[in-house]
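Structure 1 and structure 2 below are two forms of the same protein chain, each written out on its own as structure tokens.
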Structure 1
């Protein structure tokens, strides 16, 4: 693995949240000042294709990247756009039981208001 890909993987895996390519680019430039944005995008594509990270695509949002340690879905705050992880135990098995097909993959985004936006809405 190239040093650029290794750095990008490390950035995504050590992140507290779900970073955009631009976020990752800014972090990577601290370590490798000459890195190009195209290199970041190419590396992210490679890491996703090889199952090392996950790309989160939500309509109307900038794509974000996730470290993907365990199977999980995402909660999107419809007010501020914050994305957080949500684990719904048994969902995969439940969906499989509803039909004849073996699930290859699925993406679930739960739309809600985050705690900060709920508190602001109450005021």
Structure 2
């Protein structure tokens, strides 16, 4: 765990939302001005492989990174693009029962409207 990796982990963990590699790079340079973008990618891959953070991949969007405290999925607002976390209880078992008994894991993105956009759409 080098100081670059520690910094990047801390940035992801303390972030409000879900950051892109570029966001993290920009943030990291404030602390370590000489850090290279490649190091950000290397570190993010390292942290993912070691289960310390999670990569979020959404159709047509740049990948983002998320702290990994509890297993959860993501909700994408189809209107404004906001990404939020969503927990769906018992989904693993449900998929196992209804779709594939041998499931190892799953990636889910739920599309909906965030409260703000839902309100706006009602006007």
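We call the rigid core the largest set of C-alpha positions that still match within 1.5 Å between the two forms. Numbering follows the first chain given and starts at 1. As the structure is a computational prediction, the values presented were derived from the model and not from experiment.
Taken from the form predicted together with another copy of the chain is structure 2; the remaining one is not. Once the cores line up, the CA of residue 7 ends up less than 2 angstroms apart between structure 1 and structure 2. Fitting the two forms on the rigid core leaves the C-alpha of residue 17 displaced by under 2 angstroms between structure 1 and structure 2. Core-based superposition between structure 1 and structure 2 puts the Cα shift at residue 116 at 2.6 Å.
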